[in-house]
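To begin, one chain is listed below as structure tokens, in the form predicted alone.
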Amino acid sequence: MQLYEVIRKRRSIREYETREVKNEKLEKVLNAARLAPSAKNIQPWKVIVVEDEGLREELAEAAYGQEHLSQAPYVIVICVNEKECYQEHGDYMTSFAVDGAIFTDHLTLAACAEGLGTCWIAKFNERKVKELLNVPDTYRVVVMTPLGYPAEEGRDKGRKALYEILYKNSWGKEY
């Protein structure tokens, strides 16, 4: 699939087949995510690949009952070391959330290119997820996503037109 086709085709998938994902395909997706940029190229992320069914179910519970998290053969948990990442992002925050989001975006696009589905899960009890997965205190859980073969196409929720989001030279100036 070509890049622009993948970008257009990617959807949030909430139903998964039980079909196994071959290791080569999983590694290909994870390797594409590994190539994501990060602030100052620090690459402050660690990734937990959860395949244990019971643990996936507990993660779904920690995500306030989002059952689709446990349906896929894998849950990918992206963690970022907030102390290790770039500390002066915009002079008002660290880069941990942005770095984790870019990593996740690479992962979801690569998964789509491989015929796999994902769904960004950002609503979860971080303390509970960290306990379940033994994540150190210095790391923040940024996002989780199921990863597997879609049992649905996902909905195209539409996007704003380009003219609705662009300004030229300064805020409010029509592009």
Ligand SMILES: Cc1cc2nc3c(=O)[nH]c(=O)nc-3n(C[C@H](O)[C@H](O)[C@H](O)COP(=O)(O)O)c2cc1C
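This structure is a prediction, so every number in the text was calculated from the model and none was measured. Numbers follow the displayed sequence, beginning with 1.
The discussion below concerns the form predicted in complex with the named molecule, not included here.
Mapping the unseen interface onto this chain, A122 counts among the residues with a heavy atom inside 4.5 Å of the named molecule in the predicted bound form.
Proximity of S38 to the named molecule in the predicted bound form falls outside the 4.5 Å heavy atom cutoff. Taking the partner from elsewhere, R56 is found to have every heavy atom lying beyond 4.5 Å of the named molecule in the predicted bound form. In the predicted bound form, K25 stays away from the named molecule, with no heavy atom inside 4.5 Å.
Within 4.5 Å of the named molecule in the predicted bound form, a heavy atom is found for not a single one of K46, T94 and R140. Residue heavy atoms within 4.5 Å of the named molecule in the predicted bound form occur in exactly one stretch of 61-69, 25-33, 38-46, 127-135, and that stretch is 61-69. Residues of 1-37 lying near the named molecule in the predicted bound form, listed in sequence order, are R10, R11, S12, R14, the criterion being any heavy atom within 4.5 Å.
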